[in-house]
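Just the one chain here, laid out as structure tokens, in the form predicted alone.
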Amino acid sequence: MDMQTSFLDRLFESGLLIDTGVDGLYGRSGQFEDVIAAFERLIDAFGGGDGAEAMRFPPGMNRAIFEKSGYMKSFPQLAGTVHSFCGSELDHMSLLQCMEVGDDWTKGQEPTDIVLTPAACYPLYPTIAKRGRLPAKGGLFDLQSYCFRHEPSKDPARQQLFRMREYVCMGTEQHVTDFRQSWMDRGVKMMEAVGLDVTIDVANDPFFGRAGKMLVNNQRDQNLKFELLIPITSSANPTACMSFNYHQDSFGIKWGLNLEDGSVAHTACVGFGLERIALALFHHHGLDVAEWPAKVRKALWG
């Protein structure tokens, strides 16, 4: 925790991150954003030739789609909903009186049809399902979105609102597992290009509750999730900066994703935690971009 707080304090002092008074919710400086933009161009350099269809969804998604996704069964502790005031003028007066005396003014808020997007790919699956059957070659999609996960922390690499860039592949089991392996290889090369030492290891999601333990074991035993790890605030517990996920046919069944021959599509995705990668670069190369190694600067800015 001391290392996390120390790095966070340095980021605040340098102005790279801006303190909002809420753990895990930060403003970013122009220089921080420039590093993220440069790294996204590097992602494009490695993946742009694959012909992915680009889509950009907002950081909020349809609540009914969210409910159907089953996210609340596995990660209720991370979810965020959007509530709004829907009352009368009298209710408004009561709300203002609550605020004036320091009482809980949020108790009158009602849920809207929007929830905060937990992962960039969640709105994609129903969108593609509406189109009908996928072509025989499957589908490849390029996504980027702000995402929300309710896990406040002093660790600057564990933010509550963060950006995720993803490539999502839909097709046969062989097609999507080959896609995942190719991006595991690319991920290592990308990080080598920007001077970061990484390891890739089998991983699991933070499934909730007693039933979650079985899901964790199943995910690890079948090697469904790998993570690319980089030390940021801890060498003993490096941070996952990329993930490589094979969903089998679970999303295909849930959303009705079928290939041209009628078979259920398998899906896989690779995700880049953009803030985490930027933080890894600042941690390893220093807080002044002008002093970064020439090789790293060339890889990012040419």
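Each residue number is its position in the shown sequence, starting from 1. Please read these numbers as outputs of a predicted model, since none were measured by experiment.
This protein has a second form, the form predicted together with adenosine-5'-triphosphate (ATP), left out of what is shown; the following refers to that one.
This chain is displayed alone, yet in the predicted bound form one of 115, 121, 190, 157 has a heavy atom within 4.5 Å of adenosine-5'-triphosphate (ATP); that residue is 157. In terms of contact with adenosine-5'-triphosphate (ATP) in the predicted bound form, the residue from 69, 243, 233, 258 that brings a heavy atom within 4.5 Å is 243. Interface membership of residue 162, defined by any non-hydrogen atom within 4.5 Å of adenosine-5'-triphosphate (ATP) in the predicted bound form, is confirmed.
Contact annotation for residue 247: none of its heavy atoms lies within 4.5 Å of adenosine-5'-triphosphate (ATP) in the predicted bound form. Interface residue remark: residue 273 is counted as part of the site for adenosine-5'-triphosphate (ATP) in the predicted bound form, having a heavy atom within 4.5 Å. Contact annotation: residue 197 falls outside 4.5 Å of adenosine-5'-triphosphate (ATP) in the predicted bound form, judged by heavy atom distances. Of the candidate stretches 125-133, 138-146, 222-230, 87-95, only 222-230 has residues whose heavy atoms lie within 4.5 Å of adenosine-5'-triphosphate (ATP) in the predicted bound form.
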